[in-house]
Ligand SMILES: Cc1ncc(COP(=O)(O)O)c(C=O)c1O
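Just one chain follows, in the form predicted alone, and it is written as structure tokens.
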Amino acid sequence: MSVPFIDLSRVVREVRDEVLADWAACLDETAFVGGARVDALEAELADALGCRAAVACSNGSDAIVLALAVRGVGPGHRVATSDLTFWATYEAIVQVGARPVLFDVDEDLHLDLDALFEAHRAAPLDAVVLPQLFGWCAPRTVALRDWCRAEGVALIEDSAQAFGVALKGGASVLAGAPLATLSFYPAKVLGGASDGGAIVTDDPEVAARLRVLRNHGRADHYRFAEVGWNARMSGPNAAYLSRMLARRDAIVGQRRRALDRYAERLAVDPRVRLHRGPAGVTGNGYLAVVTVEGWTGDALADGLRARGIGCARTYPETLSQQAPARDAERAMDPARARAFCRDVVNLPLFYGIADDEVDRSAGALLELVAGG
């Protein structure tokens, strides 16, 4: 590919020497699981996001499981989520024994809250997992927090893609979250050196219990307060993430500028839509999300790859189109989610992408559409 969809080596080159020194120290100290570097990362994350506490864990999927568990969600509970999200969201609900209830998305590609509120009146829900997708967030996130609090519904914000997303005034969307999860999979805006995740909360007591749950439910070394999970983060990964976190402003800023450049280049063809966050939300530049009138995502992806442009399709199918979820409860017809999945394509976007790579990618798309 003349333009890769993602190239992690560009950010790795910036942190390589620092990280090698950190990892050498981890080897010398045999600081492999948990420890001071994980503690430091948690404090740095909480400070960076404006949260009272952050709890690091093994990956973003385990983060959702732990968040559901700490809210007491389990067998017999009905948990609402969007039909448009990564499989881990659904998977985590099932893994704690609860029953997913799938909803369509609104025009901002996030959980349809009006449909959610109406469904709850007809058949009460016990919890909501709100996926914050594509590098922005649900515009009514704060309203949903208030509604869940008033209705006694547990809310977990699946913010795997939302590091660096800001609300009006510049505050992190995670700053006011009662309970939200993050993923540090290497391709994320803040990516680790392996899988990694975190849960952020405004309640220090919840954070303390999460630290117990992620470590086998331990009260101390050989005493166990409850049944938990082995969901700990490694010391070397925490050290790497700390180096990345120190560069967060540069990383998010450059991704936002690249997305703005795409918007300028693609605006010449009214059939091409670059999806962006709604008013009052500042995105983090995670994905360049494109649909084109009259084109399917598969056709766009094939044409772009033939022109040497790396691309992806996030997501080509909804949850309810996956074999294990075909019999899941659906609160409504996911017509908007399915249409989006059919049509979406993602252009190259990553920290370190050059202006000419953005221009070539946008130009290839415009050429493809013009010739079609």
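Just so it is clear, the structure is predicted and the values come from calculations on it, not from any experiment. The numbering used is simple: start at 1 and walk along the sequence shown.
The protein also exists as the form predicted together with the ligand; that form is not presented, and the subsequent description refers to it.
Of the listed positions (W147, W295, W229, Y185), a single one reaches within 4.5 angstroms of the ligand by any non-hydrogen atom in the predicted complex, namely Y185.
The partner is absent here, but in the predicted complex a heavy atom of A88, alone among V252, A193, A88, A127, sits within 4.5 Å of the ligand. Proximity of L133 to the ligand in the predicted complex falls within the 4.5 Å heavy atom cutoff. Proximity of C137 to the ligand in the predicted complex: non-hydrogen atoms within 4.5 Å are absent; the residue sits far from the partner. Contact check for D83: every heavy atom lies farther than 4.5 Å from the ligand in the predicted complex. A residue is said to contact a partner when one of its heavy atoms sits within 4.5 Å of a partner heavy atom; Q161 meets this definition for the ligand in the predicted complex.
Picking from 56 to 64, 22 to 30, 341 to 349, 325 to 333 the stretch near the ligand in the predicted complex, with a 4.5 Å limit on heavy atoms, gives 56 to 64. Along 270 to 287, a non-hydrogen atom within 4.5 Å of the ligand in the predicted complex is carried by no residue at all.
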